[in-house]
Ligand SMILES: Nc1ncnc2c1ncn2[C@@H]1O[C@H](COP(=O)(O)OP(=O)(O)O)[C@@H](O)[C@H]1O
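Starting off, we have a lone chain in the form predicted alone, written out as structure tokens.
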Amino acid sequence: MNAGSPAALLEVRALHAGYGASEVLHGIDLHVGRGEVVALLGRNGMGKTTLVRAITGLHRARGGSIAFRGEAIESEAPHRIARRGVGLVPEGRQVFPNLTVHEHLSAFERASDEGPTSSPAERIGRVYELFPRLRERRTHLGNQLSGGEQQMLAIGRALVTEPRLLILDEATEGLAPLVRHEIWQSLAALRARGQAILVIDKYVQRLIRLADRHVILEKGRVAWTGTSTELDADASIWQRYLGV
């Protein structure tokens, strides 16, 4: 399947999805380029998480297509999509309470189908460099971590797979301001390394500083898309679609 653009890493076309008789996504088009950061915005209930679940195989689309690196993935199982190089940081973190930090990272360090570019120890070491607090807590169980530490662990758990695309559903939801700042700094560092990212969050001002482009969903449709410069310059977009 042709992804539509030589630079396209992820390409979603005319995607439809829903639950039971309810249609949630109505023909969504979205793409993420290699090394690009794209923010997915919109009020609650507009379809952002459903779109992420469809991309990662956790929810089966009803129509349309999803291509990753030029190959169709809309019918693949979640573990196969992950092995292709899609790393997910889910909403709610979903940390295992009875595993230590290091056990989490060791359990998820299996790289994509193309093979690792570094050893497991090197990949885990890079996570500890990005989040020094995790190194300090490496023997702590998941249920002994703060919310911010759990989010760092959820990000690190995705990064040890060496994903070509990192997807974060509510990157800093419910975190204290200082911890949010640490998360934003880590995402900026990943961007500087060339990591492609699709991120959902409500802190638009921080996303403007991080993302290359923004896609706003309204009732399951793409209502607006543009650059950070364009979004920053038009307060009416914020008011109309984001309520801020």
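Numbers for residues come from their place in the sequence shown, where the first is 1. Computed from a predicted structure; not experimentally measured.
Keep in mind that the form predicted in complex with the named molecule is not shown, yet the notes after this line are about it.
Contact annotation: Gly45 falls within 4.5 Å of the named molecule in the predicted complex, judged by heavy atom distances. Taking non-hydrogen atoms only, Leu15 never approaches the named molecule to within 4.5 angstroms in the predicted complex. Proximity of Thr49 to the named molecule in the predicted complex falls within the 4.5 Å heavy atom cutoff. Among heavy atoms of Val24, some come within 4.5 Å of the named molecule in the predicted complex. Segments offered: 191 to 199, 49 to 57, 62 to 70, 31 to 39. Contacting the named molecule in the predicted complex at heavy atom distances within 4.5 Å is 49 to 57.
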